[in-house]
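As C-alpha cells, one chain now follows by itself in the form predicted alone.
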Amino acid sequence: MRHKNPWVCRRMVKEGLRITQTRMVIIDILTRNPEKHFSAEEIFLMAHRINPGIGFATVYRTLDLLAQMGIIQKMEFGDGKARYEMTEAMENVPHHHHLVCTECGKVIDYTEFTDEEKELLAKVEKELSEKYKFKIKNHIIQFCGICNNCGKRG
C-alpha cells in the first residue's frame, strides 16, 4: 500500500509490521489535524466514518501500538481521557508545549519560542542532565490554567 506518510511506512516496515488500512486511517486523521488532540473515542468516530468495518478495540490497540513505536504521542491533560497527536519526529510537526485550560479542557499548542525561552529550556535540560547523570532526548511541558474565554466568564 503506497502512502503519503513515508516516514511512518518506513518505521513500520523496520519494525516488521504490516501497513494496514486501519493504521493508515488513524495516521491520516492525526496528520490532517495537527492542532487537535483527539481522544480514542473521537479517533474511532472519524475512522468509523471512513471505514465502517473498523471496531473501537482495533482503534484502541492501534493507538497503543503507534504510541509504543513513537509514531504518535499519548498525553494526559487531567480530564481522565488520553489524547493523541503525531510525534515531533514526523515532518512538519514542530516542537511544542501545551497550555491546558482546567475549566473547558481546551488545549493550545505553544510553538513560537523566544530566544530567551529556548536558552532557558536548554539550561534546564543541561542542569538536569548533569545533576542526575541522565541523557535527555526530549521533554514534554504543559502549563495548566484558565483560557481567555473561561477567564472572561468567571
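All values derive from a computational prediction rather than experimental measurement. The first residue of the sequence shown is number 1, and the count goes up from there.
Keep in mind that the form predicted in complex with another copy of the chain is missing from the display, and what follows is about it.
Trainee: Contact between residue 131 and another copy of the chain in the predicted bound form at 4.5 Å, heavy atoms?
Mentor: The answer is yes: residue 131 has a heavy atom within 4.5 Å of another copy of the chain.
Trainee: Check whether residue 13 has any heavy atom within 4.5 Å of a heavy atom of another copy of the chain in the predicted bound form, and answer yes or no.
Mentor: Heavy-atom contact with another copy of the chain at 4.5 Å: absent for residue 13.
Trainee: When the contact criterion is heavy atoms within 4.5 Å, does residue 99 count as touching another copy of the chain in the predicted bound form?
Mentor: Taking the distances in the predicted bound form, the answer for residue 99 is yes, it comes within 4.5 Å of another copy of the chain.
Trainee: Find out whether any non-hydrogen atom of residue 42 is located within 4.5 angstroms of another copy of the chain in the predicted bound form, and reply yes or no.
Mentor: Judged by the heavy-atom cut-off of 4.5 Å, residue 42 is well away from another copy of the chain in the predicted bound form.
Trainee: Would you mind picking the one in 32, 123, 49, 95 that has a heavy atom within 4.5 Å of another copy of the chain in the predicted bound form?
Mentor: The option sitting close enough to the partner is 123.
Trainee: Give a yes or no on whether every one of 109, 136 and 141 sits within 4.5 angstroms of another copy of the chain in the predicted bound form by heavy atom.
Mentor: Affirmative, all three are within 4.5 Å.
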